[in-house]
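Here we start with a single chain on its own, the form predicted on its own, put down as structure tokens.
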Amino acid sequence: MFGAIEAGGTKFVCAIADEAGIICREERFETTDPDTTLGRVLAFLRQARSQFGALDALGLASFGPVELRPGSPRFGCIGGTPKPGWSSTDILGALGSEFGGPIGFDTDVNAAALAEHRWGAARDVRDLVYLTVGTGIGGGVIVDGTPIHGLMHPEIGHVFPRRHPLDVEFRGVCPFHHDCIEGVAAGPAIIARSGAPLSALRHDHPQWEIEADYLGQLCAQLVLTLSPQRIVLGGGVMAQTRLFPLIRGAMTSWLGGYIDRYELRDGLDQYVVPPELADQAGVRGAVALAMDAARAAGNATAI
């Protein structure tokens, strides 16, 4: 049995899954202050342990930025984040201090990408990007079946787009960069610019064109830099499924015919796709992290 925690900036999802990755128990609650929120996580895991017995491993998929280098003194800590009170929180240590077994740890979007690769919309490819467009914009990257880390981890939401001609006066809402892609295309940016979420706007509202252009730019940049075999677009904003053909069209326009591949001509509807796991991608990704951690440890230690 495996414990899984999706630590999101808006909500936490805690789950217990069996060896097939099937979730047996799940609890969701709002992300508040670190002490209260992590206290609820520990309470969930204690109750689960009394119900299911010892857990073979935990998986923690956290909002970021986080320190993923095991040799760093800040390993497992959240870095500078707009989420009040969470900067410098040792989120991994809060679990490790009580549960001494294997813990798989990664970003929430890397974990979601791993889940879509293992069980969802990208299970037939080895290289993919998973983007979540909601309260923020995050990106997870899988290369040859493995999440990318490197210096830290991808922060795709904080690259800088060209400003849309209808949007040159909008300052952007990112507290760090103002008009990075998160600052102009995440859910709060849509509301700040238009006074309403995308779902409440008429289909002829210019916000649709602006949003599709920014996300199409981002997809084009990913094609040119990472060359993924598939791009999966999830998150609350992407629940507006009419965005998908608009984004595909904008991506094609920004690529300008430079990349001559079938996937970018006749196969676009299978190249930029919605997730199959929907809002389960993050917690299923945490399950995958736990399973991989148990495998790496040889399943020798229960927690």
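A residue's number is simply how far along the shown sequence it sits, counting from 1. Note that the structure is a prediction, hence the values are computed from the model and not measured.
This next part talks about the form predicted together with another copy of the chain, which is not shown.
Every residue in the set V143, T225 and L264 has a non-hydrogen atom no more than 4.5 Å from another copy of the chain in the predicted bound form. A220 is the sole member of L95, A121, A220, L198 with a non-hydrogen atom lying within 4.5 angstroms of another copy of the chain in the predicted bound form. Checked against another copy of the chain in the predicted bound form, the candidates G249, P65, P274, G39 yield a single residue with a heavy atom inside 4.5 Å, and that residue is P65. Heavy atoms within 4.5 Å of another copy of the chain in the predicted bound form are found in exactly one of 95-103, 157-165, 203-211, 189-197, that being 157-165. Contact annotation for G256: at least one heavy atom lies within 4.5 Å of another copy of the chain in the predicted bound form.
Residue contact check for R69: one or more of its heavy atoms lie within 4.5 Å of another copy of the chain in the predicted bound form. By the criterion of a heavy atom within 4.5 Å, D260 is counted among the residues contacting another copy of the chain in the predicted bound form.
In the predicted bound form, S87 stays away from another copy of the chain, with no heavy atom inside 4.5 Å.
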